[in-house]
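So this first bit is one chain, no partners, the form predicted on its own, shown in structure tokens.
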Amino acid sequence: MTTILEQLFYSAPGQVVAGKLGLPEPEVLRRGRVGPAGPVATATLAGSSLGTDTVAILGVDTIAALVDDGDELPAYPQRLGALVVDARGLQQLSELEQLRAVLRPAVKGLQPSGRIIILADDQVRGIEAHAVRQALDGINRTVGKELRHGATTNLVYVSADAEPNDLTSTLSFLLQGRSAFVDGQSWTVRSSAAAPPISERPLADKIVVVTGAARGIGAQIATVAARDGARVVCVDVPAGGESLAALTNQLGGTALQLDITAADAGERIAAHVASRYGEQARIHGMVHNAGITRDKLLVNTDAARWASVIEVNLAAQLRMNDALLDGRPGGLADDGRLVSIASTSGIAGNRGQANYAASKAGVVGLVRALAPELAGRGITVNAVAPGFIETEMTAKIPFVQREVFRRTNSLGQGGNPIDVAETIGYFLDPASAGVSGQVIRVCGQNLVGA
């Protein structure tokens, strides 16, 4: 329910005042499994054809990117849905001009909710090449802050041995509306022999477990997994049993009422899967979504408040992973997916959230340490770091403070639970086998923080 202040703010006179204060009505973002709204331009800067070859696999019609050659700025005949720039092979600072020359016409010519995607080398040699690699990240972040009307830009580092099939799930995700609130980010895709072709229902008949599933982001994660074909196991505390039952009935999944801080939580999840789906059943995707906040300034944080957040948000995951990875019936399958929820608070810190930031930064550390350990089993480990997402919890923040949080990102608005869920769906996809050890911020590119 909106407050009187919110009703005033969003009234016609309120919108006039908001505009004068530099707070325009946020752009309506294109979300869901919808592709680019216009043609996709492709550019190859240093001879690599990976970008164009991957887009071709996706069946997207392409045109050649225009280049600013120093004369009158060329204009596209119609607004672009996306620009895909293959910048792999750039080694010298002078070569960055090539990127500027293809970006400039595209930035001006993008459709609302358009996309810019830059591909770069994961590993380079030499000081100048490293400087160029990092410069690409600076360009990516800056362009993301300059784009308007819901357009985004992202940078994908690609290993030298990657093939188009390794990149299809990533480019598909970035070109679609599923990545609406992912902006100014960079992550790495590596070669993987286990990456199958992309599919409309990539999780068909696979088991996905979601903790904290009764409402909010967790319910949306379960919904997206079910949409993509999964048999979902929705886990939440007994107090959320009614909502949990309603969700699982809607999705055709199963419910497990469980406090994840219980010492045997992992064993009970595996036992539930084995009893419901058979002794040979294994979990494809384990999504650690459950979490709590107990916010106070550090000077006012006692041991109990500190411990409760660390226990739910981090320690419970470690224990559950140990049980689910030991090969027992109903545990995590080889070639499975572990996905956790981190937070921008864990990356950049946030006043009054030392315990929460510690737990979510710990999730980032868990992901980066566990991913190489499980690579031999084909299991990927990743995390999503949400920024300001519109939920029941954020609705309790005082209006003025909430409006500031909403607006202080490149897209000028808060995200929705579906934005987090779609990114997790990308991680769960079997075609994302080359994506592991990565943390993607779903924050519209917060203007403060890493």
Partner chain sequence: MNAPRSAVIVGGNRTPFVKAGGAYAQASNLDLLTAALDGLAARFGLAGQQLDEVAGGAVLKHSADFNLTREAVLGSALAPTTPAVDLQQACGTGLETVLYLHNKISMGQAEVGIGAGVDSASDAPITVTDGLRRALLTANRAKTVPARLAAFSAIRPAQLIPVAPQVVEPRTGLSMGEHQAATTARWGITREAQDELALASHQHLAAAWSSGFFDDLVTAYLGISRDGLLRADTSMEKLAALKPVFGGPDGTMTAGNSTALTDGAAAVLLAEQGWAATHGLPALARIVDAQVAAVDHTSGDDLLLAPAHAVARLLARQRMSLGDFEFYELHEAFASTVLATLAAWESDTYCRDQLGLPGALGSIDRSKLNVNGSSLAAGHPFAATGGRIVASLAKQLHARGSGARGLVSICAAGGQGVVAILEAV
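Predicted model only: the values in this text are computed from it and were never measured. Positions refer to the first chain, counted from 1.
As for the form predicted in complex with its partner chain, it is not shown, yet the points below apply to it.
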I have 249, 268 and 272 flagged as a candidate spot, so tell me whether each of them has a non-hydrogen atom within 4.5 Å of its partner chain in the model of the complex.
yes
Answer for residue 373 alone: is it within 4.5 Å of its partner chain in the model of the complex, judged on heavy atom distances?
no
Is residue 299 close enough to touch its partner chain in the model of the complex, meaning at least one heavy atom pair within 4.5 Å?
no
Any chance residue 315 has a heavy atom within 4.5 Å of its partner chain in the model of the complex?
no
Heavy atoms within 4.5 Å of its partner chain in the model of the complex: does residue 322 have any?
no
Residue within 4.5 Å of its partner chain in the model of the complex by heavy atom, from 239, 75, 263, 193, is 239
Under a 4.5 angstroms heavy atom criterion, identify the one residue in 367, 258, 226, 281 near its partner chain in the model of the complex.
258
Answer among 250-258, 122-130, 282-290, 305-313 for heavy atoms within 4.5 Å of its partner chain in the model of the complex: the stretch 250-258
